[in-house]
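Before any questions on how it binds or moves, here is one chain, the form predicted on its own, in structure tokens.
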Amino acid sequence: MANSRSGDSLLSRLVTILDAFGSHRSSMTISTLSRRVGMPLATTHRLVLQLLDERLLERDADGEVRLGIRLWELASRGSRTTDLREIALPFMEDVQAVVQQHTTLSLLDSENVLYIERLTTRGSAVNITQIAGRLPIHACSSGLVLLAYSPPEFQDDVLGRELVRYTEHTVTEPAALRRLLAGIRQLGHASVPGIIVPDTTGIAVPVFERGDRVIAALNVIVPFGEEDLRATVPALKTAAHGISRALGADRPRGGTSRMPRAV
């Protein structure tokens, strides 16, 4: 595969271009894209034309380029994410009916939390999560759940890094994080106020797959100070158990059966 002068392969340059588009910048001119990805304009233009030919990019009415519908088509064919969303959605709707706030489903992708589904209600709390959006693993309730049930070596790797403090409530000190993760495993849920958005509290539980491995986190986001764990945690755990059983988990899990207080 041909490499650029910088040593990047053609495939890596194409991925870099596709990765430049996000929820906050869904379309742009080729010159803007060139500056965004740090490639020469001529190179960017040539690669964009190839992606347009394959319908991986498309032009909008203003002549700007955006991600093409063929990307969605390809990603939807037999994707584990698609299967998981289809299984989880009815259970998420049950949670939504109880909590009447944002309900999300997310996976661990590399060292970030990737959100693959979100249900919302008009007038719900502020929520920065987006479908196909990411948040740092240590600064959201879903990430803390996924981290709590990750292998010890992965936890050591994450906790050994310098973690960003987003609010005064973000836990970044390794010893404090280890205590928080241990509490999540004991209780079977995370309830963390204001760790990335000061005005909201995230509450999350793990979802298991075959082999008793955590595959996802199910989460709700509620206004800070309006947490009702006695209603929210059982609703989340019931839904997570249903999803886990559908995924072939060996047995329902989720911590102690007593009603816990917030972490």
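So that there is no doubt, residue numbering starts at 1 and follows the sequence shown. None of the values given here were measured: they were computed from a predicted structure. Throughout, rigid core stands for the largest set of C-alpha atoms superposing within 1.5 Å between the two forms.
Form predicted together with a further copy of the same chain: not shown, discussed below.
>> Among the candidate stretches 233-241, 198-206, 37-45, 61-69, which one is within 4.5 Å of a further copy of the same chain in the predicted complex when only heavy atoms are counted?
In response: Flagged stretch: 61-69.
> Should E162 be classed as touching a further copy of the same chain in the predicted complex when contacts are defined as heavy atoms within 4.5 Å?
Replying inline: Close contact is absent here: in the predicted complex, E162 is far from a further copy of the same chain, nothing within 4.5 Å, heavy atoms only.
> For T167, is any heavy atom within 4.5 Å of a further copy of the same chain in the predicted complex, or not?
Replying inline: Outside the cut-off, so no.
> Applying a 4.5 Å heavy atom distance criterion, does V98 contact a further copy of the same chain in the predicted complex?
Replying inline: No - in the predicted complex, heavy atoms of V98 and a further copy of the same chain never come within 4.5 Å of each other.
>> in the predicted complex, does Q50 come within 4.5 Å of a further copy of the same chain, counting heavy atoms only?
In response: Yes - in the predicted complex, heavy atoms of Q50 and a further copy of the same chain come within 4.5 Å of each other.
>> With the distance limit set at 4.5 angstroms and only heavy atoms considered, check whether I137, P193 and E226 all reach a further copy of the same chain in the predicted complex.
In response: No, because I137, P193 and E226 lack any heavy atom that approaches a further copy of the same chain to within 4.5 Å in the predicted complex.
>> Can you work out which of Q155, T172, T81, Q186 has a heavy atom no more than 4.5 Å from a further copy of the same chain in the predicted complex?
In response: Answer to the contact question: T81.
> E226: CA shift of at least 2 Å between this form and the one not shown after core fit?
Replying inline: No; that C-alpha moves by less than 2 Å between this form and the one not shown.
> C-alpha of I69: shift of 2 angstroms or more between this form and the one not shown, rigid core aligned?
Replying inline: No; I69 is a residue whose C-alpha shifts by less than 2 Å between this form and the one not shown when the cores are overlaid.
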